[in-house]
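This document starts with one chain, in the form predicted alone, laid out as structure tokens.
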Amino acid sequence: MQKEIELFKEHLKKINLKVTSQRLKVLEAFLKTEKHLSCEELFLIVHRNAPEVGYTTVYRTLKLIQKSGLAREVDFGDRVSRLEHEYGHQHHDHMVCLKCGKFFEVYEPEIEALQDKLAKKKNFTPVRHKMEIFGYCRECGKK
């Protein structure tokens, strides 16, 4: 977690923002929670231990965390923006059930290789990508 904190501090300095205790509390709460977090969920976690940190601070800090490369935004089709850990985590995609909202993280080397092959064929240099597959999980598909 210390490496992530240092990267975040470097990012703030690079864009001429102060490293504040409130921003660090939000960052630490995010880093300690290994799940896909909405701003509201993170605010509730932070607020339990640091009631002085407001919702707006959490929202703005989440954007900074994302821009620093520590997190990426995911969309599960429910109009809720969530962030998940990116730095130091293996790239993966998501499969999302349209009925119950359950999601699965998937890493499929064949898909990654196909994407690389396609980019090379089109003389394209990818920087990042995301893939979400929407459908029905086993339980919902039986109903």
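This structure is a prediction, so every number in the text was calculated from the model and none was measured. Basically, rigid core = biggest C-alpha set you can superpose within 1.5 Å across the two forms. Start at 1 with the first residue shown and count on from there.
The same protein also exists as the form predicted in complex with another copy of the chain; that form is not shown, yet it is the one meant from here on.
Handout entry: Triple contact flag Glu10, Leu24 and Leu44 to another copy of the chain in the predicted bound form, non-hydrogen atom at 4.5 angstroms
Key = No.
Exercise for the section: Indicate whether another copy of the chain has at least one heavy atom within 4.5 Å of a heavy atom of Val127 in the predicted bound form. Expected result: Yes.
Exercise for the section: Classify Val19 as contacting or not contacting another copy of the chain in the predicted bound form by the rule of any non-hydrogen atom within 4.5 angstroms, answering yes or no. Expected result: Result no; Val19 lies far from another copy of the chain in the predicted bound form.
Handout entry: Tyr55, heavy atom within 4.5 angstroms of another copy of the chain in the predicted bound form
Key = Taking the distances in the predicted bound form, the answer for Tyr55 is no, it never comes within 4.5 Å of another copy of the chain.
Handout entry: Touches another copy of the chain in the predicted bound form: Asn49 (any heavy atom, 4.5 Å)
Key = Although another copy of the chain is absent here, Asn49 would stay clear of it in the predicted bound form, with no heavy atoms inside 4.5 Å.
Handout entry: Of Cys39, Val96, Leu31, Leu64, the one that lies within 4.5 Å of another copy of the chain in the predicted bound form (heavy atoms)
Key = By the 4.5 Å criterion, the partner-contacting residue is Val96.
Problem - Neighbours of another copy of the chain in the predicted bound form among 64 to 90 [non-hydrogen atom within 4.5 angstroms] - result: Those in contact are Glu73, Asp75, Gly77, Arg79, Val80, Ser81.
Exercise for the section: Superpose the two forms on their rigid core, then report whether the C-alpha of Gln66 is displaced by 2 angstroms or more between this form and the one not shown. Expected result: After core superposition, the C-alpha of Gln66 moves less than 2 Å between this form and the one not shown.
Handout entry: CA of His92, rigid core aligned, shift of 2 Å or more between this form and the one not shown
Key = False for His92: its C-alpha shift is below 2 Å.
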